[in-house]
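The chain that follows stands alone, in the form predicted alone, written as structure tokens.
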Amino acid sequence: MKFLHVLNGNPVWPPPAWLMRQAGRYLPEYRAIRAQAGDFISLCLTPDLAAEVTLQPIRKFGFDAAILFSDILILPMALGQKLHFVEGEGPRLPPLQETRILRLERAEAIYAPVLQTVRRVRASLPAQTALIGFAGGPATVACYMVDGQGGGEFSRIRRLAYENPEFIAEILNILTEATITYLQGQVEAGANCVMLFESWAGIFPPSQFRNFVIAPTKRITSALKQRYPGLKIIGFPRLSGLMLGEYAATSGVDAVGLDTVTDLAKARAICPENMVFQGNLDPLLLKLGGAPMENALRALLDEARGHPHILNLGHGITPDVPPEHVQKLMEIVRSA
């Protein structure tokens, strides 16, 4: 698998490519399965359907990696926090109260269907296509658990991080241990590598970034690599700014996903030598297509040439992206 070859630090040309949220609402095939499932959580927890939507973009575009179709908030559900999705608005959870002690007893039973999806996808994928398992980074998942929803500034967790740091530390500790178990299950089920999505890493100042983002990530990577010495782990500390170098050097990840606002050359300068990077085309360009997308994509490819790089976006595909633009992107990458 050339995807894993790059994760081992080897430049490959043209670079392997996949796209965050490549299985999703921009595809009519996905929308048909989504309607069949009835609601988003049911789709995530029905292995036949979740496996099908994971495989759809591989069949259609020939990406070098498939990423498990699921959601980072399945884990809070497994920890006993109720979850539902409001159409057009996103997830809703009852905000976690400071007096509540989370329990882990139900975890494996809730996410068992996700592990079954991993098994089914790995059995159906072409041998040369990698399967990425994933989880939300503890800090990001905690943001949703404490504030009860996304789409804002996560003001409650930011306030409690100062007013009641022991409470936040307890949540992060529970999430870190649960994430280790969850990702171990995905690896055992057939995931070739895993990714940690710290989508809200950038809301924390440096001292909290170290305690909430880097430290839990290091615990997760250390535990996974102790059990699976060859396992490769991708981290995505979105909007981490100047903390990116410290994250790359100390968190234990093998590759760093770059968001759209991060300059690749500058990231290379502050991160360990020969760090593997993933990213970071602006998702808006995938919507626009044409010369804007093609010019930016070719510039990114030129910048990545000679280095271990995985072609991706700086964030996920949006629902308004025409599938033919994705096809064109893959044609350009393949002919680079």
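Computed from a prediction, not measured in an experiment: that's the story for all the values here. The first residue of the sequence shown is number 1, and the count goes up from there.
A second form of this protein, the form predicted together with a small molecule, is not displayed here; the remarks below concern that form.
Contact residue in the model of the complex, chosen from A178, L231, L73, L244 - any heavy atom within 4.5 Å of the small molecule: Of A178, L231, L73, L244, the residue with a heavy atom within 4.5 Å of the small molecule in the model of the complex is L73.
Answer option from T129, S251, S199, T262, heavy atom within 4.5 Å of the small molecule in the model of the complex: None of the other options qualify; the answer is S199.
Residue stretch of 109 to 117, 180 to 188, 160 to 168, 79 to 87 approaching the small molecule in the model of the complex, non-hydrogen atom distance within 4.5 Å: It is the stretch 79 to 87.
Contact test in the model of the complex: L68 vs the small molecule, heavy atoms, 4.5 Å: L68 belongs to the contact set for the small molecule.
Touches the small molecule in the model of the complex: F134 (any heavy atom, 4.5 Å): F134: contacts the small molecule in the model of the complex.
Heavy atom of V321 within 4.5 Å of the small molecule in the model of the complex: Judged by the heavy-atom cut-off of 4.5 Å, V321 is well away from the small molecule in the model of the complex.
Contact label in the model of the complex: F40 to the small molecule, heavy atom within 4.5 Å: Output for F40 is yes: heavy atoms within 4.5 Å of the small molecule.
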